[in-house]
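Here we start with a single chain on its own, the form predicted on its own, put down as structure tokens.
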């Protein structure tokens, strides 16, 4: 309690300083996150929270229910604290749906990530605010066309004079775009233009010069991915492959290949394939890993988006859904993605269980021949995504439009 009180005093002083400097109080924002996909949900929310604070000077409170998963991508997280300040973002442990709130507790902007159902007491207090906060449901990313008709639609609350608006990230200007920090491209270009920096980054994980010269692949997937089949193909490949896999990912297949527990630092070479187990790294280092590899296998949404900003070929392992609805989402993306060659589509389908192959070696060889072309096409894709504008800025423009419309309605 004493730590929480001190933290609130510090945050109040920060806000008072900003009022003194700008003449107006900063906007406040509450972001609610329930962790379903271990690292994707909190990964997106943590990037969003930092960008809102760092680039838009918004005082952000991030409510998250799973601190251990958060700590894996942000080592500064302290599991025992109910409230803590990390990178100037207030992080609160969201334990349950209980709690009493007053209008003074309510942020100017309230975001629930992926329909996570914020506490009823918080909603009740929102309804008592004047003016009402802007309430958004930040939805999951999909290339399906139906989201264009749902993006920014309001959903009136059945009991209170409140409306929640749906906000969809996406791949065209009829959606919200993709999450991207303003300095990201500059940081990537500087890193990729510096071979010594890339070599130093990879060498900390034990890579030798021979490993640097091999085809470097990062592997991040769900447990049901056909990793053993891919490993078999890589063992028989004509050129060496170094697979970098975070600890805990594809555990069964990795341990079978290694013949030992898949702990960070473990490494085995068999045939053309070397598998190295990496420690889980903070988000900024994961970006560098994507930038340094020749090919990235990614999963879910967060790493999927970061791979698109890496300007490198990638293969997406989509989050599984009932009745294979994820296959519909995958097809929609591959139909949209301008860097999707026929061989990338074929590998993506097999990787996600949409089709089968009896010849993984040929599947890999055919795909590998496309890597230079995919890399070139990725640049065009990134330019297209950049032209839409970044999701955070687009979202704040929409918030401003809602506020303006609300002001006119009350005049």
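Given the structure is predicted, the values throughout are model-derived calculations rather than measurements. Residue numbers count along the first chain shown, from 1.
What follows is about the form predicted in complex with a small molecule, which we do not show.
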| item | value |
| --- | --- |
| Which of 297-305, 250-258, 335-343, 207-215 lines the interface with the small molecule in the predicted complex (heavy atom within 4.5 Å) | 297-305 |
| 4.5 Å heavy atom contact with the small molecule in the predicted complex for all of 126, 135 and 403 | no |
| Contact residue in the predicted complex, from 121, 271, 282, 103 (heavy atom within 4.5 Å of the small molecule) | 282 |
| 114, 171, 309, 166 - the one with a heavy atom within 4.5 Å of the small molecule in the predicted complex | 114 |
| Proximity of residue 351 to the small molecule in the predicted complex, heavy atoms at 4.5 Å | no |
| The small molecule contact in the predicted complex: residue 246, any heavy atom under 4.5 Å | yes |
| Partner proximity in the predicted complex: residue 36 to the small molecule, non-hydrogen atom cutoff 4.5 Å | yes |
| 4.5 angstroms heavy atom contact with the small molecule in the predicted complex for residue 81 | no |
